[in-house]
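First, one chain by itself in structure tokens, the form predicted alone.
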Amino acid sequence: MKIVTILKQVPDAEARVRASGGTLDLSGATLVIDGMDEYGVEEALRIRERGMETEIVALACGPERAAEAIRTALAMGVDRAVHVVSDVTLDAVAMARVLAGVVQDEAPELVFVGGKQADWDSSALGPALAEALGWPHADWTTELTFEDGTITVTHDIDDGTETLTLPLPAVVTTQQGLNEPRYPTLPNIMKAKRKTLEARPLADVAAAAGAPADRATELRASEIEARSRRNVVLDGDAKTAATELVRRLRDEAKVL
């Protein structure tokens, strides 16, 4: 079996970012592999560790610095990686069309994609990739098993869970609850430096895939959400102030 696991490099959850010139300025921000993508990497490793002969390929599309996130996946245990190097900030649909070309070349039985991309705050990449490939898709997966050329997945729905059986090849998006990703060990970090990380220019990959090497949507502006504070000081002793606070939360803020 061959598994392709899609990666994105995103700002760390604790990183401070700012908006500048209508876009987000990530200079100086700590960038890491997207946490949702780590679940896909970990699940691919566990499938191999359960005794199924498996080649695991990491695939990412992003600027040169995204190689740092790819190296993290290699240090976790991925066999090799492909990096589509792009200075263009693609949206989910455009990126899916580009990645689909590489996936078709690799011809895997399974593709893992993080359930939501932290930098986009969007869940579109997995479904868009499945659409571009013409493959079945299951999202927000919390459990999976294989049998006779099919994959059975359990995933979250609004009022509980649902179990689906899909023919392979398929695209599966991953989330918290599927597993607990491992930390790269020092020996594996050293081994990762010797593993293959193939860099391909976006223009070449897009041309081969017949996909545009540009966004499918237009970004007009980005800004950091700011919340105003009322700065209200409640007078009186602790009991009086607590009573007034509860009243304001119930009657004015409507959160109780």
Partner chain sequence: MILIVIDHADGAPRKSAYELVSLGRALTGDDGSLTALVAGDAPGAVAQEIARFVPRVLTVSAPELAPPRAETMTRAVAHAATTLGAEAVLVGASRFGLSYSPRVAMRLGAPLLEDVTALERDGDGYVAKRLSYLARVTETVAASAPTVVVSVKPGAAAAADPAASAGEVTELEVPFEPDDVRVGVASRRAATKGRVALEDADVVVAGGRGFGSAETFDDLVVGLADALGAGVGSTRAVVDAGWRPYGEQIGQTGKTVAPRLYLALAVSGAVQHLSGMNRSKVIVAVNKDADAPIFRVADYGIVGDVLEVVPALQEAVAGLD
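Numbering follows the first chain given and starts at 1. Here, rigid core means the biggest group of C-alpha atoms that superpose within 1.5 Å across both forms. This one's a predicted model, so the numbers in the text were calculated from it and none came from an experiment.
Same protein, other form: the form predicted in complex with the partner chain, not shown, and the subject of what follows.
Interface residue among 148, 87, 105, 159, judged by heavy atoms within 4.5 Å of the partner chain in the predicted complex: 159. Out of the listed residues 206, 26, 59, 67, 26 is the one that sits within 4.5 Å of the partner chain in the predicted complex by at least one heavy atom. Within 4.5 Å of any heavy atom of the partner chain in the predicted complex lies no heavy atom of residue 73. Within this chain, residue 128 lines the site of the partner chain in the predicted complex, having a heavy atom no more than 4.5 Å away. Remark: residue 97 counts among the residues lining the partner chain in the predicted complex, judged by a heavy atom distance of 4.5 Å or less. Shown alone here, residue 116 lies within 4.5 Å of the partner chain in the predicted complex, counting heavy atoms only. Residues of 129-167 lying near the partner chain in the predicted complex, listed in sequence order, are 130, 131, 132, 134, 135, 136, 137, 139, 140, 156, 157, 158, 159, 160, 161, 162, 163, 164, 165, 166, 167, the criterion being any heavy atom within 4.5 Å. Taking the rigid core as fixed, one finds a CA shift for residue 12 smaller than 2 Å between this form and the one not shown.
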